[in-house]
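Only one chain is shown below, in structure tokens, and it's the form predicted alone.
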């Protein structure tokens, strides 16, 4: 194993109109085929940050694991620099994007239990139709390709803006993370199903919002060929280049592009965009979250952004490795840690500050907290490795792995009125 300083030095040196079903999507050809590798020898946040700074796609990371996707030439270079790389098999349904202009995007065999964009809207409409007193379904804008961005509200007086703590769940910022859509659906459908029989249900004392598919263009593109494209970003072309896509979770306005935690290269999977909120999808969330400031006070108290994979619970800041920083004092850090670890005890995930993995800038959690004072977490869901399916676990795990987070969601909702209560403090 090489030392952190040596590895960092080595790596640094190396350094609209609505879419119709038949519309052709712009393509972006990879210059070389890529393979997924399990990496050994990059065990510190600094080492992993240096890898990410080379525009290597980090798929999963944790205290004792790291998986990346890169070209054979880059893998050979990393081995020459002292890292160990073991190839991992790709999912059977991974393949090139082949346009099917007359077909609706559908999941391949073995994955049809997942929910595509059309099915999502159907399920949400059915949920509202059968529970109109506690469920509303609307949208908060449109994606780059013109798809409406669905918004769900669940509350006992759903048509009234009550003076109650508001909780937001966002899913599918990253296109290939389809299990997160199922997580948002699980939250909504379980809250509704349990409402009638639950005494003192949080539905009575909270206003709960869900954005179940923040990046529908990317999610649909990922399955457009009835195979998986391994697509992460949105589908917004970058002017003057052949590249397509901005990484929504590097496009948020707080410390955007500040700290080597995103890429300025349009071809990169972590391309941060030409400016903060240049992606329509993040810009519309910006607008909507701003609209929840009433009488000078932000109504949203708490937020979880769902991702896959690694089985982690992360909290701000991601842009700095310091536990405290401007806007995040020791008391706030203690609350983030205590609530994050309490939730991790319910689902077996690893809880840590986001930058303990590697530095990222322009992330949603940092923006939610620093700009609006919203207690914001990222959950990285099942699995821990591509050997278990990676971004594409079989649909047979959906029920188990979404239910695995029920207790964490309930705990989170319970503390939404005052997260510092978990440390014994008052609000």
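Positions refer to the first chain, counted from 1. A quick note: this is a predicted structure, and the numbers were derived from the prediction, not measured.
There is another form of the same protein, the form predicted in complex with a small molecule; it is not shown, and what comes next is about it.
Discussion item. Suppose contact means a heavy atom within 4.5 Å; in the model of the complex, does that hold for all of 174, 307 and 380 with the small molecule?
Written reply: Yes: each residue has a heavy atom within 4.5 Å of the partner.
Practice prompt. Check whether residue 285 has any heavy atom within 4.5 Å of a heavy atom of the small molecule in the model of the complex, and answer yes or no.
Written response: Contact with the small molecule, no.
Practice prompt. Would you check, heavy atoms only and a 4.5 Å threshold, whether residue 314 touches the small molecule in the model of the complex?
Written response: It does: once the small molecule is placed as it appears in the model of the complex, residue 314 has a heavy atom within 4.5 Å of it.
Discussion item. Taking the small molecule as it sits in the model of the complex, is residue 212 near enough to touch it, meaning that at least one heavy atom pair lies within 4.5 angstroms?
Written reply: Taking the distances in the model of the complex, the answer for residue 212 is no, it never comes within 4.5 Å of the small molecule.
Discussion item. Can you tell me whether residue 303 touches the small molecule? I mean in the model of the complex, with a 4.5 angstroms heavy atom cut-off.
Written reply: No, no contact at 4.5 Å.
Worksheet item: Counting only heavy atoms and a 4.5 Å cutoff, which of 323 to 331, 244 to 252, 83 to 91, 162 to 170 contacts the small molecule in the model of the complex?
Response: Looking at the other structure, the answer is 244 to 252.
Practice prompt. Find the only residue in 51, 374, 59, 398 having a heavy atom within 4.5 Å of the small molecule in the model of the complex.
Written response: Of the candidates 51, 374, 59, 398, 59 is the one lying within 4.5 Å of the small molecule in the model of the complex.
Worksheet item: Of 147, 206, 235, 232, which one comes within 4.5 Å of the small molecule in the model of the complex, counting heavy atoms only?
Response: Flagged contact: 232.
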